[in-house]
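Just the one chain here, laid out as structure tokens, in the form predicted on its own.
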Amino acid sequence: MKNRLLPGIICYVITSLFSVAAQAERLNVVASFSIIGDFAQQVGGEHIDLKVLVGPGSDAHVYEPRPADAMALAGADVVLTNGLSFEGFLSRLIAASGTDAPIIALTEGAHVLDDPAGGHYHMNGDEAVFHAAAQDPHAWQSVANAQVYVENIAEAFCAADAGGCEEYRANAARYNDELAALDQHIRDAVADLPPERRSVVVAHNAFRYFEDAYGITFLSPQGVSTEAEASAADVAGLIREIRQHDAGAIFAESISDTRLLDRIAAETDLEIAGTLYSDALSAEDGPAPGYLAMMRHNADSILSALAPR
């Protein structure tokens, strides 16, 4: 009996050792938020162990780090960030963790837009919060910029794991081909819209890169106080702008409260046409579990709402 079991035990031990070795060789990657996490998984595949700090459905603007986040950074081989002051919590977290991993800002080399207001507003409950930044950090809302993110990730992984470099670059090339097809899909669809039907309203001014790339105008309640709800004058100014641009639809955002938009919709006789995803992916069972799905969902929702009736 013992003799019959022995080969199986040896095989199990060898398999386990190889499995442990394979796991030990994986890169420990920390991504600052869900969209970057998806990019990292597309490039790294089975060669990485991925930790995402700000997960799907969560807002990086107001994220409060946890002790587990510092532990993840301390053990990381590579830390992937957006940069451009998007992750306000991150610099202190990195210092507290003592990590010596390279910190990669994926917007390096991307087409970056200056923010003429020196920042942007987003809604946190009833409160309009000002996020100060000299440049607009939401660069991933342009698919061309997303391709730069992917290339930067591949190079970061190659620097940390030369043995896997060929596969990282192949994964990045495959994924960037999918991104190129997505970019063309959006451009073709927008081209079919009449020029006068290309304005929408959102709560959070996070779509300037989409506007710059594809020619859809996004209006949002900018100019409100950093410490209070939008005033009646603020809302009135936005409503005038909505009428001036003949905006065709209002969209909620997955990370923003809709109460201000409800007020604006009531004043303008526009209906809230759906929910867009700006700064975070959805859960797996939602419409935007990955970047490709997120951008398709956003584009298709906008184009459906603006299509001539």
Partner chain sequence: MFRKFATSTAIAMILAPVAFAHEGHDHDDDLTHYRVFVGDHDKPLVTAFDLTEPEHRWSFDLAGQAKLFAVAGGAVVAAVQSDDDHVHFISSGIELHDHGDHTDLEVSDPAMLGAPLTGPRPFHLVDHGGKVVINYDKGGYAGIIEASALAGGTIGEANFPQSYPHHGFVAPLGPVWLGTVAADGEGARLGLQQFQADGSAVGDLAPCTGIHGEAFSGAFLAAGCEEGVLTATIAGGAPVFEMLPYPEDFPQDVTTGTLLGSTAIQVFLGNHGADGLVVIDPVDQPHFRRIELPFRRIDFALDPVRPAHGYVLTEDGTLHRIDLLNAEIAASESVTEPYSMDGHWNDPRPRIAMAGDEIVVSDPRAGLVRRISTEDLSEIGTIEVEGQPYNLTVVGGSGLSH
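Note that the structure is predicted; figures quoted are calculated from it, not measured. Positions refer to the first chain, counted from 1.
One more form of this protein exists, namely the form predicted together with the partner chain; it is left out here, but the text below deals with it.
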query: Among the candidates Ala159, Ala180, Ala96, Ala233, the residue which, in the model of the complex, approaches the partner chain to within 4.5 Å (heavy atoms); finding: Ala96
query: The partner chain: the contacting residue among Met71, Ala134, Ala144, Cys165 in the model of the complex [heavy atom, 4.5 Å]; finding: Met71
query: 4.5 Å heavy atom contact, Asp269 to the partner chain in the model of the complex; finding: no
query: Touches the partner chain in the model of the complex: Pro56 (any heavy atom, 4.5 Å); finding: no
query: Touches the partner chain in the model of the complex: Pro65 (any heavy atom, 4.5 Å); finding: yes
query: In the model of the complex, Asp100 touching the partner chain (heavy atom, 4.5 Å); finding: yes
query: Heavy atom contact within 4.5 Å of the partner chain in the model of the complex, the stretch among 197-205, 170-178, 87-95, 136-144; finding: 87-95
query: Partner contacts in the model of the complex for 182-205 (non-hydrogen atom within 4.5 angstroms of the partner chain); finding: none
